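Below sits a lone chain in structure tokens, taken as the form predicted on its own.
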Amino acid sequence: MPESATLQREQRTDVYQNLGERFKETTRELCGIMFLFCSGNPPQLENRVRDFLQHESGMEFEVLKDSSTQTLAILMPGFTLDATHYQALLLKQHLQETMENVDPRITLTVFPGQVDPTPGVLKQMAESTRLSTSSDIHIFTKEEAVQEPGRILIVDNDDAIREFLTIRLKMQGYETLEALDGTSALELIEKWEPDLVLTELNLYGIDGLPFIHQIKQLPVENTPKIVVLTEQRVERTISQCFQNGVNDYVTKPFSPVELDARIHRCFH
């Protein structure tokens, strides 16, 4: 493998599809892989990672980058799980010692192994890294890989908000549908049975707490979790939403990264 490579979004190459195809071609060759993410996208992070790995004598590696999330994928051909974990520990220590206020998040595994290196699994590993709230190095397992990505119904009368959320959530592997108002949302929940409803409170027709109550009363096998994403900031409204079974409450304008983490917690 070449020493390093950076795949840019402008090249229209999906880094996870690329990785999946390459692992498929070399199914019998052992290869460690770790995903690395540092919040704030520290400058020179990728160069620091590459420089560190280059100084590891006899070590072959490749670095790829998801430029949309600034997550790095580091491939180490021939590495066992223990060897990959050891290198992750050394890399984490190196970054913390040489870069100011850096808190690396690392997820790793080895192929072939219990987990199949499909594009979906690789993307799931990357998202797990980016949304992690723990600084501990995480070893990705088969049990995590078999989890379905989840269905999310987006309810908002703002076309731009729905489009943005749909694109962002699909990039993370979720299945999505959209509804403009509370009435059509209730119909979709019965027919499609989403795992989570991401909803504004200010909707046409039925809205607010009556809408939340109606969701809870629907005759579905598993009542969906509810995350409110709204402009309403009144403390009484927030309190009433939680009293009525809402799982989380996010106010607009919102941080996309924070919303990602809130939704991730609802699924895990």
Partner chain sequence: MFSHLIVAYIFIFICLGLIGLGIILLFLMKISQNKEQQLREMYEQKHHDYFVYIQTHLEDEKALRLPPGKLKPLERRVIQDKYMEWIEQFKGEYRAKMIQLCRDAGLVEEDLKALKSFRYGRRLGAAYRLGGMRAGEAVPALLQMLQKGKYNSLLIIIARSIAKSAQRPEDVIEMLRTLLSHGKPIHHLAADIMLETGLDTSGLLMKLLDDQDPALVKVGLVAMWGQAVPEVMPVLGRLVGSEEKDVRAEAVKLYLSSNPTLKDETIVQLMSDRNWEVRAAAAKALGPLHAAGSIPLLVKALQDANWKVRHSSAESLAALGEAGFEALCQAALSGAGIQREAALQRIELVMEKKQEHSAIEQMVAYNKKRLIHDRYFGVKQQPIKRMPGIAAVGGDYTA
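Residue numbers count along the first chain shown, from 1. As the structure is a prediction and not an experimental result, all values here were calculated from the model.
What comes next is about the form predicted together with its partner chain, which is not displayed.
J.: Please tell me whether the candidate spot formed by E29, E175 and P219 is one where all three residues come within 4.5 Å of its partner chain in the predicted complex (heavy atoms).
T.: No: no residue has a heavy atom within 4.5 Å of the partner.
J.: Using heavy atoms only and a 4.5 Å cut-off, determine which of T80, T98, T118, Q114 is in contact with its partner chain in the predicted complex.
T.: By the 4.5 Å heavy-atom cutoff, the listed residue in contact is T80.
J.: Does its partner chain get within 4.5 angstroms of any non-hydrogen atom of K92 in the predicted complex?
T.: Residue-level check for K92: yes, a contact with its partner chain.
J.: Under a 4.5 Å heavy atom criterion, is K142 part of the interface with its partner chain in the predicted complex?
T.: No, K142 is distant from the partner.
J.: In the predicted complex, is there a heavy atom of its partner chain that lies within 4.5 Å of any heavy atom of L153, even though the partner is absent here?
T.: No, L153 sits far enough from its partner chain in the predicted complex that none of its heavy atoms falls within 4.5 Å.
J.: In the predicted complex, is there a heavy atom of its partner chain that lies within 4.5 Å of any heavy atom of Y86, even though the partner is absent here?
T.: Yes - in the predicted complex, heavy atoms of Y86 and its partner chain come within 4.5 Å of each other.
J.: Choose one stretch from 155-163, 190-198, 119-127, 68-76: the one whose residues place a heavy atom within 4.5 angstroms of its partner chain in the predicted complex.
T.: So the stretch in question is 155-163.
J.: Quick one: name the residues from 235-268 with any non-hydrogen atom within 4.5 angstroms of its partner chain in the predicted complex.
T.: Sequence-ordered list: E235, P253, F254, S255, P256, V257.
J.: Which way does the C-alpha gap of K170 and Q114 go in the predicted complex, closer or farther, given it changes by 3 angstroms or more?
T.: Distance between the C-alphas of K170 and Q114: shorter in the predicted complex, by 3 Å or more.
J.: Quick one: in the predicted complex, is the Cα gap between Q172 and V110 smaller or bigger than here? Answer closer or farther; it shifts by 3 Å or more.
T.: Closer: Q172 and V110 approach by 3 Å or more in the predicted complex.
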